Each structure stands twice: as C-alpha cells, then as structure tokens.
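Just one chain follows, in the form predicted on its own, and it is written as structure tokens.
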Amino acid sequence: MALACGLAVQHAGGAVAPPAPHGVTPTSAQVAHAARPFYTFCHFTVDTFTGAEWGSGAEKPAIFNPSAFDANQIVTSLKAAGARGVILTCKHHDGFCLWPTKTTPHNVSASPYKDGKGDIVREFADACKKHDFELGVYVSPWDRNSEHYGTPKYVTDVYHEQIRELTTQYGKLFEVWFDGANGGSGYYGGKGGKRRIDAKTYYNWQVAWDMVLKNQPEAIIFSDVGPGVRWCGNEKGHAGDPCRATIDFPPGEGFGNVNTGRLNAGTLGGKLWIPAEVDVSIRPGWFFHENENPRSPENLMQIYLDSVGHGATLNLNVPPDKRGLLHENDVESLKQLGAHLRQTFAVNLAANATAKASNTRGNDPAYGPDKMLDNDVWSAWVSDDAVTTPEVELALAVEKSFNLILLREDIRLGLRLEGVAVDAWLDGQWKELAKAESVGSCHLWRVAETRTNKVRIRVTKSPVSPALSDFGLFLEPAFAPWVPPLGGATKP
C-alpha cells in the first residue's frame, strides 16, 4: 500500500548531481502511478442480474435495476482495504453503458433505475470526490450490442465518442482501462452472427490514446501493451519475480496478441517503460454470483505481496451484488485486509538505524545511505559512478524482530539493479535472508521471523551505480481464522 511503497517526488538536495538515468525512464504520470500501488476494479452491469460473465448484447435494459445502489458504501468499503481508487466498468462487452451516453440507446437511461434518470458513473464520481478516492473508467472496445461493430462508423461515432464523453464529463481520472477481448459472436442490433476485426488496427488506438491524454493528461492508460501500464499476463493475482517495468514487443505482437510470459516478466534492458498491473477478482468471477464467496484477508495479503511486492500495481476487483452494494462478506474481508496492512507497515523497525557505506556518491551527505530510511521526503542513496556492487550496513539501536523486508530504487533514474541481497547478522556471521533480480518501485520479501541488530544490503549486479530510495523492516502479525460474517465456504 502507499503507506509502505508510496513514492513522493522531491529530490534530495546537495552539491553533487544525481547520476545520469540508465536506459528508459518513466513519465511523471507513471512515477505518480507507482505511488498508488493498490487500487480496485468494480464490475457492474446487466451481467450482475443475468449471472453471465460476458453478456451477449441482447440483454434488455429493463433488467438493470439495483434496489439499493450506494456508491458511497462501495467507495468507503474499498478505501477501508487500503486501496487508493476504483475503476468502474462503465461499458463491458455487452455494450450496456452505465451513463446516459448519446452514442447508443443501450444505456442506463433506458432502464428503470431512477426512472431512467440515473447515471451510475456520476454517482461513483461524486462518491470518489466526497471520500478522497480516485476514479478510473473501463470502456470495452468490443460491443456485442451495437449493429455498427466491425465497421468504421462504430470506431468514430460510437467508441471514440464514448471515450470522449467519459474523459470529459466526470472529472479527473487516474486510469483508463482497455480490455483485450475483441470480436466474435454477438447480438449486433439483432443481426447476430460473428464480427471479426484486426485488434491492432481497427480501433485506431493512437487516436484513442491521444484523446485520453489530451483530456486526462495525468491518467494512466492500461492495455496489454500499455502505453501507461501493461497486463501482467494472468488473472490469478501474481506478477513474475522478476517483473521488470521495462519491456520490448517483437514484430507481430500488439493489442490483443502478446506473449503472456513476456508480460509477466518484462524485458531486461527493454526500451519501453510499461510496468505491470495485476488484475484479479476477490471472487471466482468478475461479476457477482450468489453461489460464490470472497477470498480470505490472508489470501488477499499474499496477492498483495505477489503483485505490489514484485514491483507491479494491484487492481483488485470487488463486484457489487444485485442490490448495488458490496456484499457483507466482501466488505469484512476488505476491512480485515486494510487493518492488517496498516498494522504491518505502521512502524519501520529500521527507521532509526545507523547506516554506513564507503561509496556514497562524491562523499556527499545528501546521498548518504541513511537517506533510504526517510519515508516522509523522497531521497536516495547513490554510490560512486564506478561502484556498481556496493554494500550498505545498517546498525539498529537494539535487537529487533521482523519478518518482512522492503526495498525500493529511484525509478526516475531507470531500472539500475539486476541483483540484490539482504543479510542479517546472526550467530556472529552474515546470513542471507532474501534476494532478487529486480527491485523497481517496490520489492517485498516475506521471511522467517528474524531477530538481530544488524542487517546488510548487498548489490550483487548492476550495470551502473545503484540508487536505492527506501528500505524497511516490518513485523507482520499473524492472521486470525477467516470466518465470513454470513457464512459460506471458506475460500483461499
């Protein structure tokens, strides 16, 4: 969560200049995105009322009538988990729009919700503003309802116009999400059949992305190829280790057609900065189904470690039920996750350590290793240019017990670390506790509970001088047995 892995943007002062960036570096929007490593998805549409995962497009708007919809209940429950924002499925593949769009009659104004005067997107935007929560939008490129899908008219008059409406009418957006599912069978205005398109070219993606960035310059654009953030290659809740923020796409790969292994790992020395996003649902399905139960808080924490802890961002889907509320079991699991995250990261046990290294950049105290321990104002320890495998030793005032380790590097200077290890002084010698091939915006290691008064960071491989921006030792508490409030089988 941002409490532990947030990245502010103030440089340390000092007479010695920082090193030159190594390789590709993130945009300012991508740096800001690293400061919101945990956010949420909200899948809600006609599928909520039919039990489908992918609607056919033939669903009647009359079925969309949540009896007690409350965006405030949804937003406050998500925020209690420690999330920073929510991405709403404003239009899924079925083509039903949750706002009164002018592009199609297949929208919320044709439903009985608020006698056709409702706007679900507006209610989410208002709730996010009220509760200091960020808003994102999902707008599916595939539309199984539109008779125009597969023709140029759909792209220019329907899809691009829907993007324009969403990016200009609902305030500031932190992310715009583009799904990779495209083409196939559908209702298509009653004509039925299948529509085949070339996903790489049909939607005029550059035009769409330029529109998003013009209307929402600080927003991150998600698709399997970015350009702001990429898919991690699975929906199981884990990024690779390593999962580098840099990537290359070979000829022939593009939107809707990317090697999932490459997405999960990234590319060492890649020429594109497109970090991974882990999208996963709290339930087996993306939409609410009565016979399913949510994941336990303990399982959600493991997903957090396997996503945020591998340098990716976590996008956790929590779907409203037919009432238009998050189910009580989901709310309780989220609440317990948030409490656990806050308790875990409340105290950095390394915060008052004495740090020393013989390779501080130009011997300038502005880049001393103690700068890694400052969680309030961003700063970094950078070794001399010629020193690519330095070590930093941290002496704690007294012995302390920890079972979770955090390390970050200054991503604005590029991905510089290719090998790092953390040791503890135990029984008169150094013992390796953790290692990784990539760190990026955040790396978390869960280790056996260790008690010591000395730890050491060893950079084992780096093509240039490393720049470490944060280090932490934490004691994660044990989880109590998970008991859903309204019963049901316990899920992982």
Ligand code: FUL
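Quick note: we count residues from 1 along the sequence shown, nothing fancier. Quantities reported herein were computed from a predicted structural model and do not represent experimental measurements.
What comes next is about the form predicted together with the ligand, which does not appear here.
Could you confirm whether R36 comes within 4.5 Å of the ligand in the predicted complex, counting heavy atoms only?
Residue-level check for R36: no, no contact with the ligand.
In the predicted complex, does F49 come within 4.5 Å of the ligand, counting heavy atoms only?
Although the ligand is absent here, F49 would stay clear of it in the predicted complex, with no heavy atoms inside 4.5 Å.
Tell me, yes or no, whether F41 is in contact with the ligand in the predicted complex, where a contact means a heavy atom of each within 4.5 Å.
Taking the distances in the predicted complex, the answer for F41 is yes, it comes within 4.5 Å of the ligand.
Would D279 sit within 4.5 Å of the ligand in the predicted complex, counting heavy atoms only?
Answer yes; at least one heavy atom of D279 falls within 4.5 Å of the ligand in the predicted complex.
Among the candidate residues H93, R408, R244, R416, which is the single one with a non-hydrogen atom no more than 4.5 Å from the ligand in the predicted complex?
Partner contact (heavy atom, 4.5 Å) among the options: H93.
Name the single residue among E332, D179, D126, D321 that comes within 4.5 Å of the ligand in the predicted complex, judging by heavy atoms.
So the residue touching the ligand in the predicted complex, by this definition, is D179.
Can you say which of 340 to 348, 207 to 215, 416 to 424, 171 to 179 gets within 4.5 Å of the ligand in the predicted complex, counting heavy atoms only?
Contact-bearing stretch, as computed: 171 to 179.
Though the partner is not shown here, which residues of 132 to 150 have a heavy atom within 4.5 Å of the ligand in the predicted complex?
Heavy-atom contacts to the ligand in the predicted complex: only Y138.
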